[in-house]
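Here we start with a single chain on its own, the form predicted on its own, put down as structure tokens.
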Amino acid sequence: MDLTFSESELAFRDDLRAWFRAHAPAPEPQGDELAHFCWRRDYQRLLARDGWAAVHWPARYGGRGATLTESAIFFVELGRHGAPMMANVLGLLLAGPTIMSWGTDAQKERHLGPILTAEEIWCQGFSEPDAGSDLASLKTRARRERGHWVVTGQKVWTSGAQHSKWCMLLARTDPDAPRHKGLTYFLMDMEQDAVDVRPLRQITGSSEFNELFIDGAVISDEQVLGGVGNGWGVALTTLMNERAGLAFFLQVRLRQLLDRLLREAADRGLLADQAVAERLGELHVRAEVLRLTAYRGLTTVQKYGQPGPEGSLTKWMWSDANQRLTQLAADLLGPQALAAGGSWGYELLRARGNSIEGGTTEVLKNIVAERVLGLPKSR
């Protein structure tokens, strides 16, 4: 693994840094979820205007045809410059690449442009109340009726659904087929009465996630992606992209929070306490290991053409480190860290979900045990 950037990669980084310096984001809105979404959406549109919103997309679709290393550089610089994560991140990282891989020319023409410019936001309709980590057990049904598909079921933990125009929906079209068979991947229009979006209020007070209640939603044949009954294969494309793009942003975000905690601890004279210094030092090591592991995953993709099971490590490691960091902030700063409306209080509460979202820690540990270490399956 060579962490030295090539001349072209350095030029890409320098151009990107110059762009971020010239386009500093407006102050982040506080306490208003809609205003915060609009802030992220407007900044994505600015990125898209100059070809930076999806650098990993091919140039013919509005990207820059960036290499894997250049894509990693983009997320690192996004974090370093305090820019917001794109409002349509699920469209850019998941829906777009999946449509490029499986979509018809008409589907690509219809959907990729509005994804890039955040004109149409996307959400992911995979998880269900009884089908989270065990996705193949999903119960949402789609049946043929008068030349189209009618969908009924329930989805949960649907990030950003309250802002979304489209949903990457996985539904069962053949109830008699084996669990991983008989599934179909749909592009569902959210703007119909049969789709009821109910926000889930979190402990932080915000509502990032939603429940979807689908009662007779209509989907045309033109909105089937990858063919009827091939949903599992198409979904794997989405799942393979799910954690690959965010590892670098997350490790930069962790470093930023750690550096902030170090400054606040130093201002309070806490670094002279050996126990405090040791805990902060451990977090520094964890942050560096996460950074290097993210690059190791990049090397795997370059060698084999797709993310390996080692990619589960970055999500697991980040979840654990971020929860440790926010708890240490509360331990060191005391009641001030927990004050209502304070940023550390939000970080501490939000971190509780890190070990659940994007794959639970328990499932990720099983993946690492079975597919990386070669240990026998637990069941």
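Residue positions are given as counts along the sequence shown, with the first one as 1. Bear in mind the structure is a predicted one, so any value in this text is a computation, not a measurement.
Another form, the form predicted in complex with a small molecule, is not on view; read the next lines as being about it.
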{"property": "Partner-proximal stretch of 156-164, 285-293, 189-197, 139-147 relative to the small molecule in the predicted bound form, 4.5 angstroms, heavy atom", "result": "156-164"}
{"property": "Listed residue that, although the small molecule is not shown, lies within 4.5 Å of it in the predicted bound form (heavy atoms), from 127, 117, 230, 107", "result": "127"}
{"property": "Non-hydrogen atom contact residue 25 with the small molecule in the predicted bound form at 4.5 angstroms", "result": "no"}
{"property": "4.5 angstroms heavy atom contact with the small molecule in the predicted bound form for residue 14", "result": "no"}
{"property": "Residue 209 within 4.5 Å of the small molecule in the predicted bound form, heavy atoms", "result": "yes"}
{"property": "Touches the small molecule in the predicted bound form: residue 369 (any heavy atom, 4.5 Å)", "result": "no"}
